[in-house]
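So this first bit is one chain, no partners, the form predicted alone, shown in structure tokens.
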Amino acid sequence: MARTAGSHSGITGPKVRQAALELFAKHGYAAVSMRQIASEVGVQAGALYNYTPDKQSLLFDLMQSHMTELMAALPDNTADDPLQTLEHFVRFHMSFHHDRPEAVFIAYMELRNLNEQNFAMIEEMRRAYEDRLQGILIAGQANGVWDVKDAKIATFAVIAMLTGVNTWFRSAGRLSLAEVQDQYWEMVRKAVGAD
């Protein structure tokens, strides 16, 4: 299949993904057509199929890339002190997600639009990330560092709290990201019952 004149896969492919990311985050997956994505990139609608089989594959690719980058960047739980390991996780989660607001929005809000097979794969990746935090919480419980009644529920609560920062935090606001991280760390520490 011939490419549109002037398009190059190494340039146009990333542009397609970026346009889809921005449009899905702004309007929602269901409201965005392949024609809109093509218009944003500056190619014919049919040319998009040189870069992605369909819109579902594009959504899945965006989510999978986000989760792959997240897991690759996640530091190992190497600290002997569970409290220090939990603090590292909190600060990492907030800074990583702060730099990717559109990807985070899509990763959490567009799960419902994945087909069953794609949903299962993304859910497995999300579970691996959640398991890292749950492991930290279980280790702290075992060492008597804090008191959580149910590590799985605490995991969901902490991740929801940390990810929620993206909905309101602005770099130009009255607090820096580091100051917000400090406050959220204190809230997480108290939420798990750490001294």
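The shown structure was predicted, so the numbers you read here are calculated from the model rather than taken from an experiment. Just count from 1 along the sequence shown to find any residue number.
The same protein also exists as the form predicted in complex with another copy of the chain; that form is not shown, yet it is the one meant from here on.
- A residue is said to contact a partner when one of its heavy atoms sits within 4.5 Å of a partner heavy atom; S171 fails this definition for another copy of the chain in the predicted bound form, lying far away.
- Shown alone here, L74 lies farther than 4.5 Å from another copy of the chain in the predicted bound form, counting heavy atoms only.
- Among heavy atoms of L83, none comes within 4.5 Å of another copy of the chain in the predicted bound form.
- Though the partner is left out of this view, D147 does reach within 4.5 Å of another copy of the chain in the predicted bound form, counting heavy atoms only.
- Annotated contacts: G28, Y184 and K190 all touch another copy of the chain in the predicted bound form [non-hydrogen atom within 4.5 angstroms].
- Though another copy of the chain is absent from this view, in the predicted bound form it lies within 4.5 Å of a heavy atom of just one residue from G46, G42, G135, G164, which is G164.
- In the predicted bound form, another copy of the chain lies within 4.5 angstroms of at least one heavy atom of each of the following residues of 99 to 118: F105, Y108, M109, E110, R112, N113, in sequence order.
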